[in-house]
Every structure is written in structure tokens, then in C-alpha cells.
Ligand SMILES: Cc1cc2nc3c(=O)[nH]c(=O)nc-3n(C[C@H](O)[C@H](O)[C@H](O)COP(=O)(O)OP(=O)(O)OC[C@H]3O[C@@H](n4cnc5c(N)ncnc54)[C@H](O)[C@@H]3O)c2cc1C
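Next up: just one chain, as C-alpha cells, the form predicted alone.
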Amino acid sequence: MLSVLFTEEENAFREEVRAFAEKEIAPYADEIEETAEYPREILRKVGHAGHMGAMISPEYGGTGKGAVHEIIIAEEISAVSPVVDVSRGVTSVYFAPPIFKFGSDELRKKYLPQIVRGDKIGAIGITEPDVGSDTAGMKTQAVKEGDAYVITGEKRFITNGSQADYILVFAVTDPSVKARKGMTAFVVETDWDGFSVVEDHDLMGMRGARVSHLKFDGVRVPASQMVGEENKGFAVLMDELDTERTSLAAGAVGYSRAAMEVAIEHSVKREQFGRPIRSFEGISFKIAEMAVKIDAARLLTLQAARMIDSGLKASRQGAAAKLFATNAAQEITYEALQVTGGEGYTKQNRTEQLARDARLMTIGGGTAEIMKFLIQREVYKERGY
């Protein structure tokens, strides 16, 4: 099926990424899970292999191959280590593309090559202690003082936050209007005075990821660090989210696929009542449903990626892909755990980990409920309402 959905070149690229992931990431996946160590050196390997820059042009060190190549990378890396791909995606898909699309040439040359190589880590600062999906309620402010802006506020649940060298921070620059009309994006370097990490959150899953509470206490940021125009940060934010959600959907396809493979192998080897449990419809029908959901999730994700690569707006398609793929991932990983039974509930079996990892993604990057809101809004808009 993959050969039908993707071009010959894209299928060859998938094989390349899969081979890389199996050789350079898979051997360390169990260690990351056990130690919860942040995979910085692995991310450097990913970058040096050319898998951090699909959305960035060769001029700044990327491949410029686009969103379809990005979803291939996300699926294949997530299949061996969800946490590595989440950490990779934040730096190469959330942080870098807004700078490439909206930043000055000075900012592109300064930050993108290091990010694409994996030598530096990026993050994006949107969510706050009192602000999640409602970005209009943003409280972090950037006050202009001469040729700089002074940023004060807090950001919470920021993936890569404590590990990032650079953060794309969204802050209110015009408090007289709603935040979406008065926010601006800036690149902040984390070794600047006034930046601090309050804590790293202890997560249910995604061990090895760093999801942080950050504080900006009068951080002085040169005006040249602005990404896009003053008070036009909301447009930067919205553009970034379409690609982010599409990449997250592809990651969900990857770890769903991994869970199904574990369930299939177990169902063939495990015998009860004198025969493999795959022969019981209660088991084999679960596998059938997993396969259908994975195929559908991949198709929705590919549709969104093709639209992004064609320069089309993909807000509905990206939200639909994320909604379906991440919901499906929850269902598939839990059903895989059910198929693997008592073994699946132990730390020795991957389904236990995958079930915990999958749970995050109906929350991060926009909740499932917000995805439904966005989808219905776009559906009505398309019909002139």
C-alpha cells in the first residue's frame, strides 16, 4: 500500500530513515525509557543524518523536501522511540520553520544551520500556567525599551524547555487589544540573564522528554530577534500549528504501528486451548481494527502534508489528522496491551510504554476537543457560514 500512496523517491527515503532509526536509535530506546535521560546525542545523530531539516531549504542547511518527507521521518522514528521523535519534532518542526518563513535572513543564518545539524536544541513558548488553548489570554509581556524588548512572564508545559538553547517565545506587545492582535514572536537564547527553569514536570509517559515550567524575569531581547512583524505573532503561531499537528499525527501512526506489530507477534506465538490466540476472533478482529485505523490515520496525515507542500491552507486537514491519529493511537496501544495480556502490563513488554506515551498526544499540540472545534469551524467556513 505504501508504494501506491507515496512516490518511488518517497518510498526509498522511507527505507533510508527506517534503516537509520533501527541502527542509530532503536538500540538506545530501552535505555532512554529506563533512565529517562534526554536524548541529546541521538538528536545530534538525527541532524547529522539529514533528518532535522525537511522543512528548511538547503540554503540554511536543510533538505527543503517538505511536509511529506517530514511525516515519513516522524512515523519511522516514532515507531522505534516516540520520545526521540517528540524531542526532534519540537526543535525541527515547531521552532525552525517559523524562523525560516517569517524571520530575517540574519536570524535564519544565525540559528537554522545549528538546529538542522542537531547541534543546538530549540523549543517554542506558547502555553502558560493559566493559558493553554486560549492563546488570546496570553499574559507574558514584551515591553519595548529603546532598541530592545523586555520579556516578563512564565511558560509552562514547554517540551525541550530545560534543554533548549533557543526558544521561540510568544509575548504580548500591545496589551490594549486582545492578545491575538497584539502578540509578537521573539527568539530568546536561554543563557541570557533573566531566563530560568522553574521545574521539569514528571510525566506519565514519554520518559526522556523534558516538559518544563519556564520563567522570563525581565529578559532583554534585541529588537532584531523579532520573528515577523510587531503585533503579528498570531499569524506566525497559526502557520506553525498546521505543520506541527500533521507531524504529531504521523508520529502517532508510527507508535500505533509499533504496538500493532507487538500484538501480532504475540498473537501468533501465544497458545491457549491448544492453538495460537490469533485463531480466536476476539483477538484477530482487534488486529483488523488496528490495521484499518492505521491506514486511515496515515491517509489523513498524507492529505494534510500534500496540501502543505502545495502551499494550501491545511488547518482543517491538519486538525483532522491529529484528532483521528492520536485518538486511534490511544485505542490501538490499549488494545495491543489487551492482546498481550499480563505480559503487556509489565515493563518487559513495549505495549505498557506505548500506551503511556500515546496518552499525551490527545492533549499536547491542541487537545482532541480543540481539534473538533477547529474542524467544525473550518467546515462551516467552507460552506460560507
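Note that this is a predicted model, so its numbers are computed, not measured. Numbers follow the displayed sequence, beginning with 1.
Another form exists, predicted in complex with the named molecule; not displayed. Remarks below refer to it.
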item	value
Interface membership of Leu360, the named molecule in the model of the complex, 4.5 Å heavy atom rule	yes
The named molecule contact at Ile158 in the model of the complex, heavy atom, 4.5 Å	yes
Partner proximity in the model of the complex: Ile124 to the named molecule, non-hydrogen atom cutoff 4.5 Å	yes
The named molecule contact at Ile375 in the model of the complex, heavy atom, 4.5 Å	no
Heavy atom contact within 4.5 Å of the named molecule in the model of the complex, the stretch among 179-187, 276-284, 146-154, 203-211	203-211
The single option of Glu15, Glu9, Glu369, Glu22 touching the named molecule in the model of the complex, heavy atom within 4.5 Å	Glu369
